[in-house]
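The form predicted alone is given below as one chain in structure tokens.
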């Protein structure tokens, strides 16, 4: 199939960001890409996520398991327990690919895909509300923790276990309604899986949480919800080729990384990601974790922030235009909006309505995006534009993979390790100490 390509427009960046020299960094980028990809088979390094696009066995294993469970027709609902990288990626993809009416509208020929919720925080009100609304004897629980001891995952798991096993009729064994996603052959969840015969999917040791969306961590919830994993795989395989291109103009990941790098060197300490689609709000949340945990080290790195167009034209754009010139704004545009609507003609009722007559809603949204970029450029504010042909499995997964590689390259340009998170571990240590004491 001949598909359109994701496009990157740097026009408003180059004209407003001084002292940029992409060409001067061609050999440096080539060296970084070579180093990055040559390390992906080294099990001691955290670059195993680069192998995921071509792991056919993993995709087959997930699809086979999901088909078996769905055909048994024992469950109506999926509840995913996981935090950060164990949850955000799947949430980002699901939100971008569906609306709240998505399940009612139907997906393909199968009628028994599961509705899905996530518990990704220790908020007692949210936990109570979610468990109260579910038919617990028709709920499958997916428990995700690489270490098997993540407090924000284990605590709601224990509460869910109590609720399930307190049901009077029928009496249930909580673990028989579970699937674990954890490290291979080690950790608390793995030990529980052996004791209670719980199905287990492994997270490769050399894949960190925030880079794990295309492992079973993301793929299993997506498949249960009816997302086409074959399109996901095709998307990330296409992205993998883009990210290895020696042609700098074709390598979107490298161009994104260089843009962020030069802006940071020019005192732009904030990286704002601003898609013009409410459906991409969780995508931005996923990106913020990816960027912040990967780049923020040794007092280096731009701070990622979220903005959604056109909503934040009425809030943050004032700051972006006339506040401190310390930001790089990255817009994401959807060229063709699904299920778009045409504005009806009520100009006879009110002449002022005539300006909207016969325009599509998505078209107006994109006009607002272009106008916002123009205003920023006139104020000498650097901004870049990524355009997706449409919002589907193929393109959104491709974009996520490109951002993963761009993040890794940016970290290597800054000479920090983009695959560890020492600043996170200290708080975990103190939490465990306080719980024990």
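Positions refer to the first chain, counted from 1. In this text, all values refer to a predicted model and were calculated from it rather than measured experimentally.
Only in words, not in the display: the form predicted together with a small molecule, which the text now covers.
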| item | value |
| --- | --- |
| Exercise: residue 85 in contact with the small molecule in the predicted bound form, heavy atom 4.5 Å | yes |
| Heavy atom of residue 421 within 4.5 Å of the small molecule in the predicted bound form | yes |
| Any non-hydrogen atom of residue 309 within 4.5 angstroms of the small molecule in the predicted bound form | no |
| Contact of residue 139 with the small molecule in the predicted bound form (heavy atom, 4.5 Å) | no |
| Heavy atom within 4.5 Å of the small molecule in the predicted bound form - residue from 289, 233, 279, 225 | 289 |
| The small molecule: the contacting residue among 150, 302, 96, 259 in the predicted bound form [heavy atom, 4.5 Å] | 150 |
| Contact segment among 69-77, 241-249, 267-275, 204-212, judged by heavy atoms lying within 4.5 Å of the small molecule in the predicted bound form | 204-212 |
